[in-house]
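Below you'll find only one chain, the form predicted alone, shown as structure tokens.
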């Protein structure tokens, strides 16, 4: 039986975080009342002239540099002509023949040790259309607030070979956008949209198969599921003697299937021609240098640095770089440590991924909204690393630290919570516990090893939880097993 491989390319639209729209001064803020953020330019009134938003230009250059693209010195806008109710001008201003960013790539991680390069054909500027709202009780309604909102479209090479690779690529694109601060990445609000071009071919064949484009992908998981479904659908069609038709299909999340939408358009269907109302875009070396100097450390590079600098596992670093604010917070915590070592760096990581992230999840907030001084996390870790407090005491005082914004060191000292690590004092107390529980000693020596926990509990109770549990365990085992 012939085996097939998928060939996948993604087209990602990202809405940019500019205050105003791409070619007019209307607000681009999300969530306003319908049709309250419009003007003659974005409504397509005759004679209204567009003017390029400078931040749209700066933001796309940022993305181009971050994705290793070449930046075109001179580029132009074009009109993409089609009719739809939410496109009042009857055309969309975009770029066609000479996109400003081209011939780039990003790397994705296939595993801890393997990376893959995904090429980027182009990144171009364009404006968004409005939004059609289908209300069965009334009619199709149109909200033009989104009309003219600035977008960039990121078109990948057909280098992706599985749904999982597509998911990783899309995740990486989102992380870069967030690190650059140019997009919210929110797919539910339409700030990030993805269309997938999918075909299959016999393994070893260099010729591409007929592709379909899948739309209506409103979450990362739906992108993955839709691609998996479409790959299998195409393989089954071919194996059953059928042909794949070049078409646009919609992903139906309810049925977990794709269905035909329309035959696939070609470039000539849109009758592209140069936009006569906008001048050519010229990118100076000064602008390029200024933007390049503002590019922050990007996710993949930061992940590797966290692993190398702090000695934390790949998994921990991956969790932190998903949110650059969380990665910043981790590094701030580490900077306050009294003793900086791989042990304490890992303890900070453990504390953030358990106690802190649990609270973030419960409250549905991000780290910047928590209001927890990173110095306080470092204090807790310092006490833990030096065995001055137990993990139980650390967890007990943490809610108070968080609620009252109090220093853990102050709480620990005021309440005399520093655990006792005096082996002679502990040995005296353990001898007393053992002397009072001869029957339990007999049970332990007869093979009932679970009794050991009883002895630990008795010692900890007498010491009001302040005994060093590790030392207690060591002394008890020595006395019981001798």
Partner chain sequence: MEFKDTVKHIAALAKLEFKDNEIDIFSEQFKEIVEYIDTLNEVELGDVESLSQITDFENVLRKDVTQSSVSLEEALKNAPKKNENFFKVPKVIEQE
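This structure is a prediction, so every number in the text was calculated from the model and none was measured. Numbering follows the first chain given and starts at 1.
What comes next is about the form predicted together with the partner chain, which is not displayed.
A single residue from the set 364, 134, 358, 221 has any heavy atom within 4.5 angstroms of the partner chain in the predicted complex; that residue is 134. Exactly one listed residue, out of 269, 328, 107, 103, brings a non-hydrogen atom to within 4.5 Å of the partner chain in the predicted complex: 269. Put simply, residue 207 is far from the partner chain in the predicted complex: not one heavy atom of it is within 4.5 Å. Using a 4.5 Å cutoff between non-hydrogen atoms, residue 164 does not count as a contact of the partner chain in the predicted complex. Contact check for residue 473: every heavy atom lies farther than 4.5 Å from the partner chain in the predicted complex. Although the partner is absent here, residue 67 is not a contact residue: none of its heavy atoms lies within 4.5 angstroms of the partner chain in the predicted complex.
Of the candidate stretches 173-181, 155-163, 278-286, 312-320, only 278-286 has residues whose heavy atoms lie within 4.5 Å of the partner chain in the predicted complex. Within 4.5 angstroms of the partner chain in the predicted complex, the stretch 27-43 places a non-hydrogen atom from each of 27, 34, 35, 36, 37, 38, 39, 40, 43, taken in sequence order.
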